[in-house]
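One chain comes next, on its own, written out as structure tokens in the form predicted alone.
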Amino acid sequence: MKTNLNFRRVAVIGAGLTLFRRRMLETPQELAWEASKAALDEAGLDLKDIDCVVIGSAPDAFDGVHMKGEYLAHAGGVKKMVSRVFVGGATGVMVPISAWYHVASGLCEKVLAIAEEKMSPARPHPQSVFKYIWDPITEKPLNPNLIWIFAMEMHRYMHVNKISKEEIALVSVKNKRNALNNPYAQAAANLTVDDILNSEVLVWPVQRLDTSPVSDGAAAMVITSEDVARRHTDTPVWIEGVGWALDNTEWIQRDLYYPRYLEYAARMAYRMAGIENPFKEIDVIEPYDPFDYKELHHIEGLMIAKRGDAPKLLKEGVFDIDGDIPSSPSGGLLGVGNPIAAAGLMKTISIYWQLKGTAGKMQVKKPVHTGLAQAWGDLMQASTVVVMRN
């Protein structure tokens, strides 16, 4: 089903990443520029060719700089039209979505989309930054932290669908193994299910190897109109569908076993891309996986698996790099790292490289024509989706 909305066609023609690591020595501006320069080089453009810049970054406190959009604008936005988007962990995919509507609307021809995060400087731990996100009346008196909330969501997902820890641990094993092929990865490893199950318990049922690491890093893309894309490359990758949605911020009012916010965002992107059966029409996916259970949770929210069926398909190899729908061939956040905003854009870049056929050792084994990247954040109720085709 196609919508009757009329947008200009929008393409990706370049992308760049920095290494994802803890305690990077580069400043946030230097990381943002390093990724931007790589994206411009791949696109065959200079900074002076760019009309507009879209910047994405999570809470200012991570880099210790207030008004981080303006601060990071030194990576390429000086004397240009610059905007910053922020939807928590969903920011990394909101950045290319924002760049898309800058171009699709006719406002800009060539947009540089940048996402950056340095989590290492937060003291004593990045978790301390999140103590300021809670409702001051109903939640703050309980002094919660995010791991508690994720533990409740993971437990609810396991309980409703009768899923074991062993089944969920297979996601961590797969993604960290995939990351062995990714030269930017921070946490690649050959692990077993027993390794995951024997790792330190953080808040039951969340264990250390169920989670992505603390990371610094940056990512960038060059997104253009069709006319510009055809002048600069024979292999543009088209942004065919975008979607974003926000559910109730009062997480205690939602049943945490199913990501309803993601279903809404996915339906918006699928309508735009003309996708009616995502399981049959999407070739490769990068669902957001800061925790191993979230990849399964999100695959179900994307309606690629029925509710509660994602662990069964994972066990059958459907989501392996040589499976029917390879999932997180980059290694995901679990294997590559989680500099929050940059991690979501990294997933979009992974799909771009897969569709362009330049993913190197990460390239999936089957021919791919349609791919999807997704991110998630805020108080577990925001999601962003982008569908691309070659």
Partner chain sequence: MKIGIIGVGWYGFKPSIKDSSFREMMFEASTRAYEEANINPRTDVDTFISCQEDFWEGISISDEFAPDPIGGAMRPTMTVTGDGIQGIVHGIMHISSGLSNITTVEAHAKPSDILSLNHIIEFGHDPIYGRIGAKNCNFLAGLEAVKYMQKSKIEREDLAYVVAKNKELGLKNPRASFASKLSIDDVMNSEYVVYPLTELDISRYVDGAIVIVLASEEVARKYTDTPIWITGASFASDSTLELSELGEANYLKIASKKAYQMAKINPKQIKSAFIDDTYSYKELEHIEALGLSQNVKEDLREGQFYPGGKIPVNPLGGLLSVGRPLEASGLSLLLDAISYLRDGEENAIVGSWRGIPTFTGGVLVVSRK
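Numbering follows the first chain given and starts at 1. Quantities reported herein were computed from a predicted structural model and do not represent experimental measurements.
Although not depicted, the form predicted in complex with the partner chain is the subject of the following passage.
Trainee: Checking a candidate spot here: are Ile50, Gln186 and Pro236 all in contact with the partner chain in the predicted bound form (at least one heavy atom each within 4.5 Å)?
Mentor: Answer is no for this spot.
Trainee: Name the stretch, out of 313-321, 228-236, 243-251, 187-195, where some heavy atom lies within 4.5 Å of the partner chain in the predicted bound form.
Mentor: Contact criterion met by 243-251 only.
Trainee: Here the chain is shown alone; which of Val129, Ile147, Val160, Leu256 has a heavy atom within 4.5 Å of the partner chain in the predicted bound form?
Mentor: The residue in contact is Val129.
Trainee: Of Ala104, Ala151, Leu209, Ala305, which one comes within 4.5 Å of the partner chain in the predicted bound form, counting heavy atoms only?
Mentor: Exactly one residue meets the criterion: Ala104.
Trainee: In the predicted bound form, is there a heavy atom of the partner chain that lies within 4.5 Å of any heavy atom of Tyr264, even though the partner is absent here?
Mentor: Tyr264: contacts the partner chain in the predicted bound form.
Trainee: So, Tyr71 and the partner chain: in the predicted bound form, are they within 4.5 Å at any heavy atom pair?
Mentor: Result yes; Tyr71 sits at the interface with the partner chain in the predicted bound form.
Trainee: State yes or no: in the predicted bound form, is some non-hydrogen atom of Asp135 no more than 4.5 angstroms from a non-hydrogen atom of the partner chain?
Mentor: Within the cut-off, so yes.
Trainee: Whether Tyr270 contacts the partner chain in the predicted bound form should be assessed with a 4.5 Å heavy atom distance threshold; does it?
Mentor: No, Tyr270 stays farther than 4.5 Å from the partner chain in the predicted bound form.
Trainee: Sequence order please: the residues of 81-98 with a heavy atom within 4.5 Å of the partner chain in the predicted bound form.
Mentor: Result: Met81, Val82, Ser83, Arg84, Val85, Phe86, Val87, Gly88, Met94, Ser98.
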